[in-house]
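In structure tokens, one chain follows: the form predicted alone.
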């Protein structure tokens, strides 16, 4: 039995067991990947975040236009360069009926940023997402103050990625129990997690309604939600076209017309937040030469690949930041496709006969890497593609302070906040965790540090524009594109739109 057939059979069996019919009150999502865990503090995965965010709420949240709204917080304000106050909404209950208090919010944050707070010496893998958070102080029954060790204007932009948990529940079930047991305050509560098959939720009738700034503020529209795990793209599309699911993620570009031409379905797109690039090993003898790096940049026809392989569903970039990011420099130089110039630059660098290199890539992007390799080879950069698992490549290319042994690495980095700090620092600051190119420029480091602490919005934007201009001139990476996120959606769905941060928020989604 195929994974798709097995998933549909499982869903049908569960429905019959519950005595329910396939009614307008059950919304089914064809999802590409199962959750890693249901513990909000113990993962770094977007798909996991999407599932969790429908059963837990955060202090703050975002709408589908990426605007920040108070959610479990009623309001918030910055009271000093290193202090933020949050007024916690009264009358919110967890799924077990217990009241959500300021103590739960304090406990949630400390569990995220404090070393060893997960238990057994474990620190949350999400700790870095809270930057220089130092302590949390309760001021009164519904107000807490967050203290930072240094100014960090990014805090409000990062809080929508953190969900509030019940202190009493965590202390009762422990971190091991949190992996599969849920007591959130979100619009849906967990019914059952069938690992590898589905996550089944039902409406939480005592839900407080969510963010006041995102109407309608009420309980969820549908009674039941099922995230059906369907890894194969063809099976997800088939499930949508047959009506077995109502929304599918990661619609492949070659299926867009099929879904759009079907009378019962349509396509929704949104600009994504993940920048794709090729890291060149700046620490190697070969790619320490600027002319060689420039040659690689001129050898790649980005527009051709976006048009032919990505079917136009991407935007070319000339720096690390998305065109929609805060502080984006829109006046960066463009390295136009020019294989003759690439060969000339190689000759000037002492390689008149060209060079031979290997490009590392994960299996999911092999076809794109092969197309890039063909273009590089045509420009005298004879390229072999080597496919490896993500964990192996992370160890090879992103070990902080470790010596790099590769030539090229086709990769990407997400920027769900659309703030430069979230992507620029890890990929470009010397020896930072995502700096796969081994790039080091003291002036860029100085600017990135300044941008992290600058409170004036205009000065902060100018800092990042200068940093991106310097980095683009240094060419440590070939900056490629930001793809769109593409969804297939049943015409029965209303009240839902995709978000650039990849979150599928189903609170206000209805079925007609």
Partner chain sequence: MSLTRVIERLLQLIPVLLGVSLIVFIMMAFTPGDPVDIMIGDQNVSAEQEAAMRRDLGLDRPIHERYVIFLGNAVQGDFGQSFYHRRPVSEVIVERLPATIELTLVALLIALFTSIPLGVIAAIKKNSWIDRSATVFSLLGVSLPGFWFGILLLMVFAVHFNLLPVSGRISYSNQVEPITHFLLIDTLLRGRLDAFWEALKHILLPAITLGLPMTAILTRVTRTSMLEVLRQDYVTFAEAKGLSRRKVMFRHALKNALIPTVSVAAIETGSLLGGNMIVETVFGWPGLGRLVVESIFVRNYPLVQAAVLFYAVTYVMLNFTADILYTKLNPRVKL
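Numbering follows the first chain given and starts at 1. Being a predicted model, the structure only gives us computed values, none of them experimental.
The same protein has a further form, the form predicted together with its partner chain, not shown here; the description that follows concerns it.
- Query: If you check in the predicted bound form, is residue 115 within 4.5 Å of its partner chain, heavy atoms only?
  - Reply: Yes, residue 115 sits close enough to its partner chain in the predicted bound form that at least one of its heavy atoms falls within 4.5 Å.
Do residue 372 and its partner chain come within 4.5 Å of each other in the predicted bound form, heavy atoms counted? So residue 372 does not count as contacting its partner chain.
Review point. Does any heavy atom of residue 381 come within 4.5 Å of a heavy atom of its partner chain in the predicted bound form?
Key: Looking in the predicted bound form, residue contacts with its partner chain do not include residue 381, since no heavy atom lies within 4.5 Å.
Using heavy atoms and a 4.5 Å limit, would one call residue 44 a contact residue for its partner chain in the predicted bound form? The answer is yes: residue 44 has a heavy atom within 4.5 Å of its partner chain.
Worksheet item: With the partner left out here, if you bring back its partner chain in the predicted bound form, are 60, 77 and 111 all within 4.5 Å of it by some heavy atom?
Response: No, because 60, 77 and 111 lack any heavy atom that approaches its partner chain to within 4.5 Å in the predicted bound form.
Choose from 78 to 86, 343 to 351, 95 to 103, 197 to 205 the stretch whose residues reach within 4.5 Å of its partner chain in the predicted bound form, heavy atoms counted.
Of the stretches listed, the one contacting the partner is 197 to 205.
- [ ] Work out which of 151, 174, 213, 231 lies within 4.5 Å of its partner chain in the predicted bound form, going by heavy atoms.
- [x] Contact check passes for 231.
Q: Report the residue, out of 432, 218, 303, 250, that has at least one non-hydrogen atom within 4.5 angstroms of its partner chain in the predicted bound form.
A: Contact with its partner chain in the predicted bound form is made by 432 alone.
- prompt: So which bits of 328 to 363 sit within 4.5 Å of its partner chain in the predicted bound form, heavy atoms only?
  reply: Heavy-atom contacts within 4.5 Å come from no residue here.
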